[in-house]
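This document opens with one chain alone, in structure tokens, the form predicted alone.
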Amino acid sequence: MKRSLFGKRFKIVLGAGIIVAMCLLAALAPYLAPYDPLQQDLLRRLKPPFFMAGGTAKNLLGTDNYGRDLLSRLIFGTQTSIMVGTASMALSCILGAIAGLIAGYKGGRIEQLIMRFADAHMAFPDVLFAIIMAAAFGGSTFNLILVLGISGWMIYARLVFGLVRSLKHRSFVEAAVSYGGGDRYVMSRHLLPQIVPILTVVATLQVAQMILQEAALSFLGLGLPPPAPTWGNILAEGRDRMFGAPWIANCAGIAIILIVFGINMFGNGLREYLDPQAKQR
């Protein structure tokens, strides 16, 4: 019995463990990082990790082309990835939920205007849209959050729109309207609480997508400008040294894979926990 219970919640436990560890790493970065992530030491440039020939415990994961400690840069890069991923997801979720609520509940011309705009936006590739926006606004944390947030609102809008369309004719909504509830009251007090659990699952999985897009933009030089310690910047720095110093790109790639894996595990486990039939589908 215990084994079955643990098996059902295994994804949530494993994913939450990875997420909590990464969040603690980001929060305690100034105390855990052995060096300043921007500190250069050209005499120690391209030192390998401690487990490779020539590596030392002074730089556990080695150094980059400018002698900066790679472990310190990865730890501080966790801050950027989690902050940008979470904030941009929140912005997308808020914009999309509001648009979907209004379109689904009001209907008519408002629905046509909002949903056709969402359809047109979805026809444009997210990454390409983010690249154009990032190139136009420039690289900063605020601009990066704004660009990624605007590029992903349509997913939530279409999801909320479909849910509201199926809920607004239910008896509890009709009862609230008959008792004099206004549109804002019905949407915020009766419809929104019904869709929050589903929004939570989608938003959790969307964080991983936002982290990947942030890394991709930084890799292309459209994110935070160097020498900012972001995982995408570290990947870009290691791209030209894959044969001479493969640990630079490999360590950043492993960090991205680990956090995306943890978020996806947690999101999928949460989805299966809230909807037992999801696993069968």
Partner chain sequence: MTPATDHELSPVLRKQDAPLLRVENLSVAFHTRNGLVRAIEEVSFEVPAGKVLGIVGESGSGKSVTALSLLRLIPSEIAEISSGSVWFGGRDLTRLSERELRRIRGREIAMIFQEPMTSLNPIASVGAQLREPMQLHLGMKAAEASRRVEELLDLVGIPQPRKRMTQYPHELSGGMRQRVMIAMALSCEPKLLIADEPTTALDVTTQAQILDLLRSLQSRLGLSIILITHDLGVVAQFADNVQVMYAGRAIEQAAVAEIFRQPAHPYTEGLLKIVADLEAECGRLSSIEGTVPAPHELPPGCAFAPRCPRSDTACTASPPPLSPISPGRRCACVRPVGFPQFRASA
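Since the model is a prediction, treat every value here as computed from it, not as a measurement. Numbering follows the first chain given and starts at 1.
The same protein also has a form predicted in complex with its partner chain, omitted here; what follows describes it.
Contact here is defined as any heavy atom lying within 4.5 Å of its partner chain in the predicted complex, and by that definition not a single one of Asp36, Arg44 and Lys58 is a contact residue. Under a 4.5 angstroms non-hydrogen atom cutoff, its partner chain in the predicted complex lacks Gly162 among its neighbouring residues. For the chain shown alone, Lys106 is a contact residue for its partner chain in the predicted complex, at least one non-hydrogen atom being within 4.5 angstroms. Taking non-hydrogen atoms only, Phe124 never approaches its partner chain to within 4.5 angstroms in the predicted complex. Contact check for Arg158: no non-hydrogen atom falls within 4.5 Å of its partner chain in the predicted complex. The stretch that touches its partner chain in the predicted complex, counting heavy atoms within 4.5 Å, is 177-185, out of 67-75, 127-135, 177-185, 90-98.
Here is the short version: of Thr86, Thr141, Thr200, Gln194, the single residue with a heavy atom within 4.5 Å of its partner chain in the predicted complex is Gln194. Residues of 209-235 include none with a non-hydrogen atom no more than 4.5 angstroms from its partner chain in the predicted complex.
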